[in-house]
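The chain below stands alone, shown as structure tokens; this is the form predicted on its own.
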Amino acid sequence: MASQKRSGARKDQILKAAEKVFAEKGFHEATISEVAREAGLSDATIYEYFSTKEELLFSIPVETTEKGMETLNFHLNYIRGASNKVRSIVYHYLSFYQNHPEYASVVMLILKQNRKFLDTEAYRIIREGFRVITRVVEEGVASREFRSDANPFLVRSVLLGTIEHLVIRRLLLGQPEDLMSLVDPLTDMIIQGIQKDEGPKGWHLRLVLDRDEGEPTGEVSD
């Protein structure tokens, strides 16, 4: 048991070192020796856990994504209303990328460019996270909180595409500096686009007595 804990801790140590080195130097420029130095280990120890540099790269998102989805799903279970759940999802993504810039750099600037990553376990877990958004939108449509013609796939694409654009822009240009300040504007934009139309406003007729003629007149207001 103790041996398994040590092995798990060592693997996490290597993954965090690789995340830092890959984020700073890029995947192709970085070497296993640099990862080993960052982790305070030998090259041979790295190869005990990961047979190739690419396997090491693909392993970085696995545990992080699993923990992130567990946290998100836990909170969603206690949130009422699809709109509030969408806001929680936006907060979750932007908060995580804001607080983990090295991880964001690896995922957005390196992994997304590697087609082999689409066949990995890590990507399967990430796709499961995407489906959470789809289910929330479907829930909103079913409860009539969202319009019946709201397309869950398109809503998910708009949400994730916007987040991806904002994060990449921050990584490359340093702007927007504070991703958290965009949680409400982004959420409101999405919700306003799919929220069920409440229909036309009601009309109220108010009768006013004309003092000169003694006859009532009608005033209409919305």
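The first residue of the sequence shown is number 1, and the count goes up from there. Treat the numbers as computed from the prediction; the structure is a model and nothing was measured.
Not pictured, yet referred to below: the form predicted together with the DNA.
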Which residue, 41, 191, 159, 62, has a heavy atom that falls within 4.5 Å of the DNA in the model of the complex?
41
Exercise: residue 181 in contact with the DNA in the model of the complex, heavy atom 4.5 Å
no
Heavy atoms within 4.5 Å of the DNA in the model of the complex: does residue 32 have any?
yes
Contact label in the model of the complex: residue 47 to the DNA, heavy atom within 4.5 Å
yes
Is residue 175 close enough to touch the DNA in the model of the complex, meaning at least one heavy atom pair within 4.5 Å?
no
Partner absent here, but in the model of the complex, which of 183-191, 150-158, 48-56, 167-175 has residues with a heavy atom within 4.5 Å of the DNA?
48-56
